[in-house]
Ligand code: NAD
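This document opens with one chain alone, in C-alpha cells, the form predicted on its own.
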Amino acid sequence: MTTLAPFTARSYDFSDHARARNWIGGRWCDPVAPAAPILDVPNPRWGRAMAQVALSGAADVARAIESAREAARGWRMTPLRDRAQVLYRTRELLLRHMDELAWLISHENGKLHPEAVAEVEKAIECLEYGCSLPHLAAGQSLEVSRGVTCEVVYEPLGVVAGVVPFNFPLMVPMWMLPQALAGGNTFILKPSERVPLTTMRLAAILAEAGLPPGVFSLVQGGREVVEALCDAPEISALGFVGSTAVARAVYARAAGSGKRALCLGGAKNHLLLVPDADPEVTIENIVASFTGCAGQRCMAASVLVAVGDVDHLIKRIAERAAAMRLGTDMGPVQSASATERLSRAIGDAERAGARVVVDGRVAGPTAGGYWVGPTILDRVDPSSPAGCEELFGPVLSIVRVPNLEAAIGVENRNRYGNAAAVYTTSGDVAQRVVTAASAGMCGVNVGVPVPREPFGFGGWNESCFGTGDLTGWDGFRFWTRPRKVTRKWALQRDATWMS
C-alpha cells in the first residue's frame, strides 16, 4: 500500500490519526519483529494519544539499507538538474499542503498553529536552497598550465542517514534532505518516536513529487534504530540533531564505525541586555525568544545577562511574559515528563536562592495537557543548574553583572556554544560582544539568531560534534566528496613541471 490518509483537522480540537509506519522501498510497512514495542503518540495540548507507533529494530534498518543500496546507482546516475526537479515539485506540494502540514505539526508537537506554519515555511526555504544547487555546485575548471586543466566535481557518498528531534519534525529533516538528495545520495531518516506522523506525510509528498522508490526511507524507532544506523558499514554519513549527551555518544559511535558524522547538540543561549537597549525592540523580542515554541528550540533564550541598571527593562519583560495566555499565546510543552522536569527545576532554583518573578507552574487551559507557563527567575547563580544546564522550556534565568566584560565572561564560561545575542543601540558594544562571544551564531537585537539560507546553521563547543555546519554549502559538502580531475590533451613543445 502506498497511499496515506490526509490529516483533516483544522482546529486545536482533539483528532485521532493513523498509526505510524515505516516507508521502505516505496511502500508503507510495519516492523519486521512481530512483537515490536508500541508507544502512544500523544497530542500535548490534550495529553491523549492521537496515534501509535511500533518501534522498529536493526532488522528494519537492514531492510531500508538494502532498498537504499538498490536505488543508489540509478539516483547517482540521474543528472543533478533532474534531481533538483524532484525538489522543485516537492516545494510545490509542500505549499499546496501547507495547512494540513501545519495542523499535523501542531497536533503531534504542541506548537501553536502560526508557529507550525512558520516551521513549514522555513522547511520550504531550506528546500529552495537544494533547488539552487545545480547552479551553486557547478564543477570548477581551470587551465592551470598550457593545455592542462584541473576540475573538481562533487560525488555522492552513497547511502546516508539522519536522526532528528521532536521539536521541529519537518524543518530539521529539511536541513539535511535537500543537499543529500541533490548530491545524489539515498537517505534513511529516523524521526523522533514522539512525533512520527509529519515525516510520514513528507515521505508521501516526496513519492508524489517523483522521487524513485528506495531513494528516501523512513524508519520509526528509538535507540536500537539509532545504534544500527551508527554501526552499519553500508551507511557512509550520518547527521544528528538532539541533546548534547546523545549527540556526543552518536558522534563517537558513528565516527568509530568509520563514517562521516556531524551531530548538533543542546544549548544554553545567552542574551546580554545593556542599559541603552531600545525598549521597543527589546521587550517583545526577548519574550518571544524564550517563550516561542514553548522554549523547546535549541536557539531559544535561556539566560538573560543583565548588565548594570536594566530593571526598567526587566520589569516590562516580566509584565509581558505574565500577560501571555496559555493555549493562545504559547502552546504546551511536549510531554508529561517535560512538565515534571521543568516544574522541579523551577522549584530547585527557588530553593537555591533565585527569585521567581513570573511563575509558570499554573494550570493550563485543557485538562490533561502538558502545560508550563512563561517563567522568569531573577538573581540566578550562573554556576547553578538554572544558570548552566539546558532546561528546554519557557524558563528565562536572569544573571546580574556590573559591566559588559563580566557579561561576556558569563557567556564564555558556558560549555555550550550555539547562540548569543546582545541588545544595544551601540555599534561598539555590539561589535565587542559578537567578536568575543563563544558561540557559532550571534545576534544583535535578534533573540533567535537563526541564519537564513544560504548561511549555514551550526554552533560551537558542546553544541556541535564534527566539522562545519549542517545547512547551506557546508551541508552539501558534508553529504558529498570532491573528485579532482587533471586532463592533458594537447602536446606542448615547451616543458613545464607537469610535462
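For clarity, every value in this text was computed on a predicted model and none was experimentally measured. So that there is no doubt, residue numbering starts at 1 and follows the sequence shown.
Below, we turn to the form predicted in complex with nicotinamide-adenine-dinucleotide, even though it does not appear here.
- Stretch 220-228 is the answer when you ask which of 220-228, 394-402, 130-138, 181-189 has residues with heavy atoms within 4.5 Å of nicotinamide-adenine-dinucleotide in the predicted complex.
- The single contact residue among Val120, Leu342, Val241, Leu104, judged by any heavy atom lying within 4.5 Å of nicotinamide-adenine-dinucleotide in the predicted complex, is Val241.
- Checked against nicotinamide-adenine-dinucleotide in the predicted complex, the residues Gly265, Gly387, Gly373, Pro156 give one hit for a heavy atom within 4.5 Å, which is Gly265.
- Heavy atoms of no residue among Trp28, Ala161 and Met200 are located within 4.5 Å of nicotinamide-adenine-dinucleotide in the predicted complex.
- Although the partner is absent here, Val246 sits close enough that one of its heavy atoms falls within 4.5 Å of nicotinamide-adenine-dinucleotide in the predicted complex.
- Although the partner is absent here, Gly308 sits far enough away that none of its heavy atoms falls within 4.5 Å of nicotinamide-adenine-dinucleotide in the predicted complex.
- Using a 4.5 angstroms limit between non-hydrogen atoms, Cys298 touches nicotinamide-adenine-dinucleotide in the predicted complex.
- Not displayed here, nicotinamide-adenine-dinucleotide is kept clear of Ser67 by more than 4.5 Å at the level of heavy atoms in the predicted complex.
- For the partner-free chain shown, just Asn418 of 410-444 comes within 4.5 angstroms of nicotinamide-adenine-dinucleotide in the predicted complex, judged by any non-hydrogen atom.
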